[in-house]
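Below you'll find only one chain, the form predicted alone, shown as structure tokens.
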């Protein structure tokens, strides 16, 4: 280049403001790279030790706020420049057989695999809050809705456990995503690999990666793992938003099914009577920001030719933004669930509106040999008649029941009682008390197994960090 970089261009192209938070992972990966270079004979043991001593010093300087990030293009340049200042010429050897192209992918994968399990742990905390609230209200019956119209009686606990099921799928997706994050990219170089006989599998072992990513051209241009993550957290946020919406609905005067603790609501600046469900609304509102993060990166990637293009620098803002929002929202969502109280009297009152046991009536007739479609028609006609005069199943007359006289026994009346409807549910996954107890048992066991697996991963990664960067013990 015949000219130095224009200052405005330098500022425009700098990513240090975003990728500075990857410093720990850059140091960790650099320490592993130095150990590999030492293993293949490109560094002496003294040089390797000197490099890692410098990396540890830089870690301390950053954590104590003694390094200014401004003036550097990215975190890699800062660490390399400071390493040369501290350790002299040996600092220039660390970048042998690697490029910033594969280095940044490594940093992002080391970072993201930890953030995935941090997020999963916060999902577990929300799930525990849902399970605890369900356990507290095992016998509480409420209306279930379709099309936001009263449909059938369900247990309040069953409704809460629906969100457990949603978030359980979210955990499964994130843990599946982790498999593609947890592959070593380092060693791809700029795009074509290197003529130096590096040992990528040794680096993978050092950094606790189960596998090594194939095809160097794909490695340096791959951001699928971030896009997949953003898609997963966008779907997680859709679930959180739906939960938030129901809390908003249930706490409104039109429903009045729950009361939110005053510490989780706000008032109005002009209307003194207001008690607003702001936390639930904000969770719902933040969903758009996370969905837009997925769209942002997808749009960046959709037209890029192989291999590295500077556009890829724009992967970090949506990634970091989404992680910040999802961790904060999961934490507050768990606390919100802990701070709601179902209003039993209002739920029971609402059960009496809308002919919620009409399907139970149909199923009763089916047990008496009536084809379901005929039963559906007969009960539908009865509901129309009752509704036309403002009556409910409680006001049934002998005349109303005369079309059913051939099928009704003395055991018929309990089929129309809303609070006992759930006790007759027999199908797997239904709203029966026995099914709820099973779901609670299995959910608790599932969380325990998940936590054990996560603790094992975190221990493995922590031991790798300590062994590779912080200690000089023999491999």
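Fair warning: this is a prediction, and the values are worked out from it, not measured in the lab. Positions refer to the first chain, counted from 1.
In what follows, reference is made to the form predicted in complex with a further copy of the same chain, a form of this protein that is not presented.
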| property | result |
| --- | --- |
| In the predicted bound form, the residue from 118, 359, 139, 385 that sits within 4.5 Å of a further copy of the same chain by heavy atoms | 359 |
| Residue among 343, 227, 351, 131 with a heavy atom within 4.5 Å of a further copy of the same chain in the predicted bound form | 227 |
| Close approach of residue 431 to a further copy of the same chain in the predicted bound form, 4.5 Å, heavy atom | yes |
| Distance check, residue 447 to a further copy of the same chain in the predicted bound form, heavy atom within 4.5 Å | no |
| 4.5 Å heavy atom contact, residue 145 to a further copy of the same chain in the predicted bound form | yes |
| Close approach of residue 68 to a further copy of the same chain in the predicted bound form, 4.5 Å, heavy atom | no |
| Stretch in contact, per heavy atom within 4.5 angstroms of a further copy of the same chain in the predicted bound form, of 394-402, 202-210, 145-153, 123-131 | 145-153 |
| Candidate spot 61, 135 and 182, all three touching a further copy of the same chain in the predicted bound form (heavy atom, 4.5 Å) | no |
| Contacts with a further copy of the same chain in the predicted bound form, stretch 278-311 (heavy atom within 4.5 Å) | 278, 279, 281, 282, 283, 284, 285, 286, 287, 288, 289, 291, 292, 294, 295, 296, 298, 299, 300, 301, 302, 303, 304, 305, 306, 307, 308, 309, 310, 311 |
